[in-house]
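Before any questions on binding or motion, here is one chain by itself as structure tokens, the form predicted on its own.
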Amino acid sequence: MNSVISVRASVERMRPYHPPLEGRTGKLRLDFNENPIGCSPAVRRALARLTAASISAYPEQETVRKQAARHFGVRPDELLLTNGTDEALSLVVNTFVEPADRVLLVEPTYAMYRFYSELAGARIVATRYGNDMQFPWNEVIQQLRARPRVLFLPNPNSPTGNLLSLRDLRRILEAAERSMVVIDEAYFEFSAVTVIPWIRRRKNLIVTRTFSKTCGLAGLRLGCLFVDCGLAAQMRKAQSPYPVNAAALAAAEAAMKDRAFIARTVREVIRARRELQTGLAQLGVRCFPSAGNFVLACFAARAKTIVAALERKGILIRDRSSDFGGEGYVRITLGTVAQMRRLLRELKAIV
């Protein structure tokens, strides 16, 4: 007689995560903080040089890992290459979080922090940003005194766009002596604030980065995790032996060499950010300061109508109203100045 095996209780309790990632080809994708500019031509040339032998063999990552260590200014034994930042976050949970451990979040934020923590059966302790997107200092410090196992903290945060200073981050780390603190620097190139140099003296600090934003490699899934070398060795035990594929390794090698492309991308995005913020203000739309490659705007009751109208025009932006418990909030990814001007022309016609 066959028996039915029930799923884990933690999975049963989880809400499904369904990002709307289908049907986006050929549209102006300003909805998922990708790089609408694309990747470096050097990346495309590197991918074209992949041989049948390199594709049919298991990937060798040590050469690229050493190059990445030089690129980011760390030792190779302080760096793990991961299958996107998502795998890095999963590694943190798999290494440090037991069922019923507390994980501290400041929401709204990147959904995968909660996803992997809930999957592991952790207890989520969620503090929230205020109405003006101010960081909830009192609540966070109070919760850190209770010694949660892990604090996930992106800097800058998405979708709010706010940035914590090095002084702010030092204050958090000092309050979190008995917790692992994960600083997700996915948008570092646009903010220029990093704590990677602190990993040697802060044994409870983990930093993550991604190749998806400035390098334009979101489709190849490549990230990095930086941590004290002793903990890095422990975390490698929880990682699969071939986490990064051959195409991603070849692309990363080329992307890191083309620093000029990264610099041009950052300059263009920062110009586009000013263009969009100025244009939204002229339309009477409230938007919040951002240190990332996106801007959070409030369209109030018209948000869903505007998102749908833009989609009909071939422009995708992300309705984040549910993250704030009501209607109105939309996150707009930044691309080129020309792309922002096109968006603003369409918005003006709608609004």
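Start at 1 and count along the sequence shown; that's the residue number. Given the structure is predicted, the values throughout are model-derived calculations rather than measurements.
Below: the form predicted in complex with a small molecule, not depicted.
Novice: Pick from Asn162, Ser90, Thr210, Gln143: which has a non-hydrogen atom within 4.5 Å of the small molecule in the model of the complex?
Specialist: Contact check passes for Thr210.
Novice: Sort through Asp86, Asp101, Asp228, Glu253 and report the residue having a heavy atom within 4.5 Å of the small molecule in the model of the complex.
Specialist: Answer to the contact question: Asp86.
Novice: At 4.5 Å between heavy atoms, is Ser158 in contact with the small molecule in the model of the complex?
Specialist: Within the cut-off, so yes.
Novice: Please run the contact check for Pro154 against the small molecule in the model of the complex: heavy atoms, 4.5 angstroms, yes or no?
Specialist: Looking in the model of the complex, residue contacts with the small molecule include Pro154, since a heavy atom lies within 4.5 Å.
Novice: Even though the small molecule is not shown here, does Leu222 get within 4.5 Å of it in the model of the complex, heavy atoms only?
Specialist: Although the small molecule is absent here, Leu222 would touch it in the model of the complex, with heavy atoms inside 4.5 Å.
Novice: Indicate whether the small molecule has at least one heavy atom within 4.5 Å of a heavy atom of Phe96 in the model of the complex.
Specialist: Judged by the heavy-atom cut-off of 4.5 Å, Phe96 is well away from the small molecule in the model of the complex.
Novice: Picking from 213 to 221, 169 to 177, 194 to 202, 269 to 277, which part of the chain touches the small molecule in the model of the complex when contact means heavy atoms within 4.5 Å?
Specialist: So the stretch in question is 213 to 221.
Novice: Tell me whether Phe32, Tyr110 and Tyr187, taken together, all sit within 4.5 Å of the small molecule in the model of the complex, counting heavy atoms only.
Specialist: Yes, each of Phe32, Tyr110 and Tyr187 comes within 4.5 Å of the small molecule in the model of the complex.
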